[in-house]
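Next up is one chain by itself, shown in structure tokens, the form predicted on its own.
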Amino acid sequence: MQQKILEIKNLSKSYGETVALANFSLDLGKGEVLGLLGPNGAGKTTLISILSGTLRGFSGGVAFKGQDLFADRNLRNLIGIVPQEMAFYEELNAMENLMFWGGLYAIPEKELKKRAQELLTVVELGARAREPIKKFSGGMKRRLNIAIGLIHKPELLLLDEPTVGIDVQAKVSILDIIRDVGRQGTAVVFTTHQLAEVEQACSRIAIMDKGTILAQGTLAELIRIVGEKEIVEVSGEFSADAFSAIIRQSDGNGMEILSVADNQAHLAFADSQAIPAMMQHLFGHHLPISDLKIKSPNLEAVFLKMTGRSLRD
């Protein structure tokens, strides 16, 4: 049985009348890379802020290594944090930043220097260690941000949208780093609103919306929620109401509506032979359709089924 390192129970947080987390519960095992997938406003950053100790005024409990995370400040030294904002000093170079932040954990200087050099190699900045950070690209800065979060060898790493604003090549590099961190035994919580990122980097995925987890499991386990169905994406200049009204006039024939919004809808068919009849029904009502796509069940379909809307909405 996998050793639990993090246990979150009934965590709730509101900002006035806006609920950010609603009885949120989650377990995380040693070396597990958990992707929290959800749209902006789902509560992901609020969760990271609570776990990192920067946000108060919540209810519920968090146990880290079997102890109350908030009762012992020393426990927080075992957690690495990589926020959305860049957490380093631009006037220092990469090595100086790692030495500064590592020094806050009372790591002996000789050991710290060796650790910093190793990490700079890991995040592909070894050759740029002494270069001014102002010359770094966005991707290089993101990789340095991760190195700082890892400098003290944390047992839990929290990453909040670590790939925001960088190019595809830089994202691939960061996802590789995240996977490797998990393989080495560090538990990781990784928040994102990018489907491909959790598919590539995470051993377990939790779909989150409106402050709660709707479904979680491995990618294969989540896809089984949709089942062996064909997913049809319909796009065009139509309103959600018009599309829904026309669908209601059909016999359905084993069809499931995953989501309906203005200009786009997603349908799931248990029998692919029912797709032509449904399309004929839609065209017969002169629905202004511009594009049709047929897809196999995937993580996007799971998200649509659980939330009733696209991740980009």
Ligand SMILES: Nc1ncnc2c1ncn2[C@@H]1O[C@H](COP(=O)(O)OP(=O)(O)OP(=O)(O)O)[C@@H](O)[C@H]1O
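The structure displayed is predicted, hence computed values, not measured ones. Just count from 1 along the sequence shown to find any residue number.
Omitted from view is the form predicted in complex with the ligand, to which the following refers.
Remark: His266 does not count among the residues lining the ligand in the model of the complex, judged by a heavy atom distance of 4.5 Å or less. In the model of the complex, Pro39 approaches the ligand with a heavy atom inside 4.5 Å. Among heavy atoms of Glu161, some come within 4.5 Å of the ligand in the model of the complex. In the model of the complex, the ligand sits beyond 4.5 Å of every heavy atom of Leu11. With the partner omitted here, the stretch from 256-264, 41-49, 23-31, 283-291 that lies within 4.5 Å of the ligand by heavy atoms in the model of the complex is 41-49.
Shown without its partner, this chain lists Lys171, His193, His152, Lys141 as candidates; in the model of the complex, only His193 has a non-hydrogen atom within 4.5 angstroms of the ligand. Checking Ser239, Thr121, Gln84, Asn77 against the ligand in the model of the complex, a heavy atom within 4.5 Å turns up for just one residue: Gln84. Within 4.5 angstroms of the ligand in the model of the complex, the stretch 9-23 places a non-hydrogen atom from each of Tyr15, Thr18, Ala20, taken in sequence order.
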